[in-house]
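Let's start with one chain on its own, the form predicted on its own, as structure tokens.
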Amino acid sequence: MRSFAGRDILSLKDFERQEFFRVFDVADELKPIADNRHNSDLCADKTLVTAFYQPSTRTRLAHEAAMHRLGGHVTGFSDAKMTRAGDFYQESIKDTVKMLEFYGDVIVMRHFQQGAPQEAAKWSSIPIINGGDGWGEHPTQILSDLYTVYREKGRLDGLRWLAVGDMRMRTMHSLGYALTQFDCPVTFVGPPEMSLPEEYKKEFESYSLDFSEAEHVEQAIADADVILVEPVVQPDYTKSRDERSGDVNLTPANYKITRELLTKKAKSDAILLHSLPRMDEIPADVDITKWSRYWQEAYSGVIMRMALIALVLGKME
């Protein structure tokens, strides 16, 4: 198995099966630090740089919280408009990254351009972690989701997944790449205009992913062990900020996960995930049901990112 030290985390199609479990093992080792609300000194001599060209709550703050839990330092920006990367100069990714690499030891980048973290990695002498690139991928989110399921179920192989929402989303693409390494059939359910792009279908097929598509969540929910939901009411991920005002559309019934649907159709031990934020696709009365795990999923995101940071900085091997 390859070392993670100095490695970029750009896409889950770069991960081999045993590498997932190595990250899970390290997350388990570091989990007591977060559970006890302590900070260690594991990365006391290191600095994390956040370069966020799009809004973020969980991804940015989870990485920052993870670095603080490891005893490290954090610098960076959460709004490119407040930097030369987003003002009049529109500084190139190359020029920005060549500066940022002098300010820290690992960079987490979120960008509205698909492939931007890969471009950054070409010029950076320190590891780049992809915090979401346009409609491309979101590897750390899906690693957090897999870790949540693994902790809950004790396994990944043999679990059937149902993915509901906009299939153009980066999380759905990372999910597909990840599940190619496990015996996990997945059914994608989304509006026709938001179906899986052909390029991803072809690639998933070439990676031997066991996937199918359905038109209505009721057609697949009864068999699902894991239900992963994303909104079908989405911002434009190709922009740095979507500032539309006024009313937005509501989620059609085909793509909503209600308490009634779960009670009547879902397995009693199924796990319901959502990377958040949500619109109306999961009503608030689902939060306290036995299926919901999205708060645990958010917490797992801190622990998972602690593991990734420690690994790419060579603090764990």
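This one's a predicted model, so the numbers in the text were calculated from it and none came from an experiment. Note that residue numbering begins at 1 and tracks the sequence as displayed.
Although not depicted, the form predicted in complex with a small molecule is the subject of the following passage.
Contact with the small molecule, judged by heavy atoms within 4.5 Å in the predicted bound form, is confined among 64 to 72, 50 to 58, 33 to 41, 257 to 265 to 50 to 58.
The shortest heavy atom separation between residue 96 and the small molecule in the predicted bound form exceeds 4.5 Å. Contact check for residue 276: a heavy atom falls within 4.5 Å of the small molecule in the predicted bound form. Taking non-hydrogen atoms only, residue 110 approaches the small molecule to within 4.5 angstroms in the predicted bound form. Residue 173 falls outside the set of residues with a heavy atom inside 4.5 Å of the small molecule in the predicted bound form.
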